[in-house]
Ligand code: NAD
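Only one chain is included here, represented as structure tokens and corresponding to the form predicted alone.
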């Protein structure tokens, strides 16, 4: 057991090593003041990118991310914008371009849940989840693509004209009763991403998704915080550990780098094998 813990600590430490794969590039990360978005923002900065830390609530938390990036020698600004609002998204891109000159990478991370049995789900809760999780990704992706096309290639920083990473979920393929609005939004993200990749691949705009499984974030703390809850969760994870936000940060940075230049129009599941449907191990 000690050797496994040592290996995990070594692996997590590797995630922290900078190698400037994203030097001189600018990355907008939506929903970046906590959880997965925070880890992605830190990882992007660690690899040399200028980072725009988007958020909608939590000024202090957003500034803390900016300060931590500065402490490790990176550059970041915080920008408050609701990604479901067209005017606020446009203003965020304008401010980013005014500050850093352009946008090279977009990480569509902002997302939320409003869970309910379907027959009790209100139209407000359905619409709110779709507005943030799906329409927000549409609005941000549209502005990113407009900027990539306006700016033109920058072969000195990246092979691609621009990179978009959509934060999806294992629930783009795994049904999730009691969370129909969330699952529908992620299914929509999947086909939006693939359709954009098909349309804009010829322009050298590279678009992919990351599909997290069970990740230790504040929003799902009850699902993993106690030994009993974690044991129940591990029944769904063949690799037998709950994911860390750093797992997602590492995948996102790789997808944003030229190391993954031939990866296009696909979802990278970071889930410890949850999409292997482990309940069927013994023939269901």
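Positions refer to the first chain, counted from 1. Being a predicted model, the structure only gives us computed values, none of them experimental.
Although not depicted, the form predicted together with this ligand is the subject of the following passage.
- Per the 4.5 Å heavy atom criterion, this ligand in the predicted complex is contacted by stretch 212-220, the sole one of 41-49, 212-220, 251-259, 64-72.
- For the options 164, 160, 167, 139, the residue carrying a heavy atom within 4.5 angstroms of this ligand in the predicted complex is 167.
- Of the listed positions (134, 76, 193, 81), a single one reaches within 4.5 angstroms of this ligand by any non-hydrogen atom in the predicted complex, namely 81.
- Taking the partner from the other structure, this ligand in the predicted complex has no heavy atom within 4.5 Å of any heavy atom of residue 206.
- None of the heavy atoms of residue 28 is located within 4.5 Å of this ligand in the predicted complex.
- Using a 4.5 angstroms threshold between heavy atoms, residue 144 stays clear of this ligand in the predicted complex.
- At a distance threshold of 4.5 angstroms between non-hydrogen atoms, residue 200 is out of contact with this ligand in the predicted complex.
- Residues 31, 32, 33, 34, 35, 36, 37 are the members of 29-44 with a non-hydrogen atom no more than 4.5 angstroms from this ligand in the predicted complex.
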